[in-house]
Ligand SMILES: Cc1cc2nc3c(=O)[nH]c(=O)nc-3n(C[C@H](O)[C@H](O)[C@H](O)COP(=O)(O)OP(=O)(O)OC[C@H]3O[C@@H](n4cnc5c(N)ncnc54)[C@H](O)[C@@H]3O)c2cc1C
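A single chain, nothing else alongside it, follows as structure tokens in the form predicted alone.
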Amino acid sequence: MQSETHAAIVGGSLAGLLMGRVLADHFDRVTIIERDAYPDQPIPRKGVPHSRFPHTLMIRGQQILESLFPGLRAELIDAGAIELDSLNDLAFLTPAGWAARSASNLSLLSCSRDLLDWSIRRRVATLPNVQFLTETSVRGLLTDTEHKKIIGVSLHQRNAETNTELRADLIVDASGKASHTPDWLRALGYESPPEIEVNAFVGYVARIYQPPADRSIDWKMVFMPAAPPQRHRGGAIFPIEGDRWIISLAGGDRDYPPTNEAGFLAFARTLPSPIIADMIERSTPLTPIYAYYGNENRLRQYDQCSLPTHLIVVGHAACSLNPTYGQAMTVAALEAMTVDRFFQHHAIRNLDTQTHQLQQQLAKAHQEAWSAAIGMDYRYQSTQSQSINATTRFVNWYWEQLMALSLDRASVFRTFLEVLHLIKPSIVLFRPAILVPVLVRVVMQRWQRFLLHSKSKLTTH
């Protein structure tokens, strides 16, 4: 008789919850280990300190979540999530000006991270073969006698006097940026994975507001990203449930927004449009001003090192992204689908030889988002990492041309949003329909500069 199969997930935030959902289809039993006590309503908790800040679930992420949790979209809307047209209801300020807007089918949901996590957690909790161990931390990995296979984890429950052991056929580290897997691997005689860090020293502050009752606006969301190296300040207004706004300000190159009243408003006044500052003055604050730092990009390349089998690392524990670009939750969803597809075609017993293959597939799931995030952050003057190569410089230059072209071409901005939302690969931005207008625009600009220069020389003579 075949023994019961068991998967244990370290970390019960979004990445861990999504892993729990897909692994429940392939394992007899799934245990999600979370060091916090979960709140019984959608409110912030200690383990997700950034939940008070704007979170975007990209359209591709929404599609995946709806496939995993049918009816989730309607449930979120019933709870107050705001449905908006990404192309028509979003006021997006590019470095060249406001992007063109038009009606589209690129529908986006906007809500608090707390509501999203709480809704998904309730769904996962209804699965009969999923168990939560809360207020429990993992102290280390258990291995076979040769240290080649992970067979479980050592646990410590809050207020307990001793540790306990939990055996499992698969261990998933979804514990986030504070992951201890590198330390645990060293303790077993393995090398830590190679790491790449790209740090633009971005800091965020945010506050929840009650919007003005008499607001007369033609948008539902405002996004003014920084445009380094010239402009390293940005801001956003995100609608969330309860007819509230999260207003957030961000600064790179260590130009962090203040957390006091006067400084918060003064910082907003330095943005290239007065919209956010005006809304701050007209809205009613509902919370203190919260700050969040440590927004570096960090990639732990578990796919490129020797690891014991039956262990995989996902989410921020493997790939942490600057949240400015809003792709992390969708990456977690893509990773969950990657694991689901793997076990549709591979037996659990094959993890003895195929765990590394699965980790390689997970690396591919976050590669597009990683490349986009570091490409943008390399534009900051204080970025601390490897030298920028010619490809990255070209991509950054091309992005500037795209943004300028999007001012009067809604089709270009739509394609850009489809790439941003991970619906389409970035290569579509280089198709002739976009590449040719970009090149024509550049040639025309240079021709005009040449004519002006020639005219100036003739005038002086």
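Numbers for residues come from their place in the sequence shown, where the first is 1. Here the structure is a predicted model, which means the values were calculated and not measured.
Only in words, not in the display: the form predicted in complex with this ligand, which the text now covers.
Taking 36, 54 and 174 together, does each of them reach this ligand in the predicted complex with some heavy atom inside 4.5 Å?
-> All of them do, each having a heavy atom within 4.5 Å of the partner.
Proximity of residue 76 to this ligand in the predicted complex, heavy atoms at 4.5 Å | Heavy-atom contact with this ligand at 4.5 Å: absent for residue 76.
Within a 4.5 Å heavy atom cut-off, is residue 378 in contact with this ligand in the predicted complex?
-> Residue-level check for residue 378: no, no contact with this ligand.
Heavy atoms within 4.5 Å of this ligand in the predicted complex: does residue 44 have any?
-> Output for residue 44 is no: heavy atoms all beyond 4.5 Å of this ligand.
Does the 4.5 Å heavy atom contact test between residue 312 and this ligand in the predicted complex come out positive?
-> Looking in the predicted complex, residue contacts with this ligand do not include residue 312, since no heavy atom lies within 4.5 Å.
Name the single residue among 138, 358, 275, 246 that comes within 4.5 Å of this ligand in the predicted complex, judging by heavy atoms.
-> In short, 138.
Among the candidate residues 221, 329, 365, 299, which is the single one with a non-hydrogen atom no more than 4.5 Å from this ligand in the predicted complex?
-> For this set of options, the contacting one is 329.
Which one of these stretches, 54-62, 412-420, 395-403, 429-437, sits within 4.5 Å of this ligand in the predicted complex when only heavy atoms are counted?
-> Stretch with heavy atoms near the partner: 54-62.
Which residues, if any, of 5-27 lie within 4.5 Å of this ligand in the predicted complex when only heavy atoms count?
-> Heavy-atom contacts to this ligand in the predicted complex: 10, 11, 12, 13, 14, 15, 16.
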